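Two forms, one protein chain; structure tokens for each follow separately as structure 1 and structure 2.
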Structure 1
């Protein structure tokens, strides 16, 4: 059994020792904050995107870094999961991407605001979160972005960034829409380009949205999808 002086010494030594450990750990945490928080990439566009996130109460439905509502998808790694180009198309008109199924409202964001939000999501995705969020146990097919080169070496960037979220080619990609392996058997160049430019104009009841593709993307996709493999 400790005497009073021994107990006092034990208390003082333990208090000073653990206080020192706490201060060292605090100093080490503060030292790592700039790198782990992706502070070097905190640009004006990122700040603007954060302001838009707050102004539109996005956290009322979504979560970032685990904070927010759980009504809509977690967005910490959304750029890694979907890709910047897909997100930009989606934010222009969420309903068009998933007709009759998507509950997210259209905010009529300008191109500058959409770019700012993507910059904000990109910055968030670069934060060192020690592996959060974890990969889902039952991830849907095609949920992760697939690069164009992973599908085919000659695939245009827009194909890997956007098309593979819903369609597959050679067994790689999404399963929402039909596989694209036999496109050349079903379309000629003119009809395929017309379809890609405005699917709803060709077939009003289709679930494929108008992706607002540029002429360059339309030409590249048409040539790629009709190429012999």
Structure 2
């Protein structure tokens, strides 16, 4: 059996040896990380976004790169999943997008701060994460995420980026709000445009948020939703 001094030798050797290997690997990691994380794209906006992420302890509910708390969604690929426009609308009033569901603090971020957060998430999404998060490998065939172009090839970009998160068209899309197949039976152009511009003004108890859409988006959506199909 081992003597005490042999045991001590084992402890010291293992500790010193593996600490050394760890430091060497760290040096190599530091060499590789800039390229794997597109350090050249670490703009001022991205860093501002990271600081906002830290200052508000977003990790206290969400995970990013899989790290954080398990109360709110994983955000590594959030820009790919939701699109920048959706995120910007969501951050202005998080509860409005998910009425009656789990709540997020409304931080009253400025437009510039929201842009910084989107820049940060975009940068995060470009990191080489060795395949995380994985594609769902047991997803039923044909259950790919709904893209607006698959639903309606002529849809304006904003439709796929924002509307389908809650509404469906032709049977695909979200189920939070009503289906949009029969909009033309319920609205004329003027009333629909007024509704989209500020739903709460038309119907104070609606759960649909004010999406703060641009005039161009309002025109495009009104025309698209009232078109015969």
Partner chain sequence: MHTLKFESWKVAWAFFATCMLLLALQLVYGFFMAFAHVGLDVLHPWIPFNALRASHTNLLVVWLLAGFMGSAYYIIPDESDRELWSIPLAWLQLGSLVVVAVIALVGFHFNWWEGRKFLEIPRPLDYLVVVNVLAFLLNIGMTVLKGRRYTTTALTLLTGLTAAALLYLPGMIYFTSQVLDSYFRWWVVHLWVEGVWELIMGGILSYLLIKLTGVDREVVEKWLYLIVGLTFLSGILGTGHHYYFIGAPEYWLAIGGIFSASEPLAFLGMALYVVTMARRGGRRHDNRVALFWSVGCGVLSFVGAGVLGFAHTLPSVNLYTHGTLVTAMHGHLAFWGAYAMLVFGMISYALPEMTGRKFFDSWVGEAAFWIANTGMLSMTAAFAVAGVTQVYLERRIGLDFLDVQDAVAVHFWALILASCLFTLGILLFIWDFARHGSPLGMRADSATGVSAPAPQPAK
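This structure is a prediction, so every number in the text was calculated from the model and none was measured. Residue numbers count along the first chain shown, from 1. We call the rigid core whatever largest set of C-alpha positions still superposes within 1.5 Å between the two forms.
Undergrad: Please state whether structure 1 or structure 2 is the form predicted in complex with the partner chain.
TA: Looking at both, the form predicted in complex with the partner chain is number 2.
Undergrad: Do you see a C-alpha shift of 2 Å or more at residue 214 between the two structures, with the core held fixed?
TA: Where the cores coincide, residue 214 shows only a C-alpha shift between the two structures that is less than 2 Å.
Undergrad: Once everything's superposed on the core, is residue 54 shifted 2 Å or more at the Cα between the two structures?
TA: Residue 54 C-alpha, core-superposed: shift of less than 2 Å.
Undergrad: Once both forms sit on the same core, give the Cα displacement of residue 127 between the two structures in angstrom.
TA: Residue shift at the C-alpha: 2.7 Å.
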